[in-house]
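This document opens with one chain alone, in structure tokens, the form predicted alone.
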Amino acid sequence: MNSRLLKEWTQLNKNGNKYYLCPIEENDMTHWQSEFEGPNNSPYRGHKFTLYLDIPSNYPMSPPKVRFKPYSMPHVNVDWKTGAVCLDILESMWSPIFNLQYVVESCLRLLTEPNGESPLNLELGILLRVSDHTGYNGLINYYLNHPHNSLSSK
């Protein structure tokens, strides 16, 4: 078992775990999940999300693989079908000093600070790049309130 993960789990339990970040199974520290509500200052307010973190064997030297539940997160930096997240700290900017809580907080921050330069959702990326915030927020609202419509089959 990865002692770093055990230490992180112990600290989360000791210091308060506001993102409900925990291993999915008690005896498997390689698959974690977090559940949180969308930030109040975002179009995700009032919605709950699940984030999955798959921990590589060489963690913390390599970042976790992070994804939202498929077909649940309409975001310019999230693939709608797979839930994959495009975030610099999960790729080129990863550092072993980061922990899983920091990763979750960074994903949550991404909800209020989208990056139109690296879109995984092209429809939202186009709206963000042309500064159509009304259209951007409207499309997010549409995805959130109609998750099983034609958008989920694209």
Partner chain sequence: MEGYAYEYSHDSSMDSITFSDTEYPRNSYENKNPKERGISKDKLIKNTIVDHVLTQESEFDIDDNLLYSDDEYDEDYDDPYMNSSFIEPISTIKERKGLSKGSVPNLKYECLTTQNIFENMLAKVHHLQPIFNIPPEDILILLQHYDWNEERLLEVWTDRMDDLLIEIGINPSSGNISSSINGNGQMRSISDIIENKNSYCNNQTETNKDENEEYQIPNTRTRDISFKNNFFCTICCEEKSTETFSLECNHEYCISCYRHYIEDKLYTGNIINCMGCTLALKNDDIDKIMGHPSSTKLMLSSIKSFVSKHNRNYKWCPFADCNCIIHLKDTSSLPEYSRLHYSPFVKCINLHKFCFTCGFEIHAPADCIITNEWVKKARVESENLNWVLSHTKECPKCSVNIEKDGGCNHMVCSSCKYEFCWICEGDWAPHGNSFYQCTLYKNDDNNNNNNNSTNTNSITDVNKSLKKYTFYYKMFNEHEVSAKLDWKLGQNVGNKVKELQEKLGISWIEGQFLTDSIRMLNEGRTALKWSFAVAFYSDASHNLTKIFIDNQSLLSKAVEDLSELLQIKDPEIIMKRKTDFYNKTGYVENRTFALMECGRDLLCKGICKAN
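If you're wondering where the values come from, they're calculated on a predicted model, not measured in any experiment. Numbering follows the first chain given and starts at 1.
This protein has a second form, the form predicted together with its partner chain, left out of what is shown; the following refers to that one.
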| query | finding |
| --- | --- |
| Contacting member of 60, 38, 116, 70, with respect to its partner chain in the predicted bound form [4.5 Å, heavy atom] | 60 |
| Partner-facing stretch of 103-111, 49-57, 121-129, 24-32, counted where any non-hydrogen atom is within 4.5 angstroms of its partner chain in the predicted bound form | 103-111 |
| is_contact(residue 42, its partner chain) in the predicted bound form, heavy atom dist at most 4.5 Å | no |
| Non-hydrogen atom contact residue 134 with its partner chain in the predicted bound form at 4.5 angstroms | no |
| Proximity of residue 11 to its partner chain in the predicted bound form, heavy atoms at 4.5 Å | yes |
| Its partner chain contact in the predicted bound form: residue 15, any heavy atom under 4.5 Å | yes |
| Sequence-ordered residues of 95-114 touching its partner chain in the predicted bound form, heavy atom within 4.5 Å | 95, 96, 97, 98, 99, 101, 102, 105, 109 |
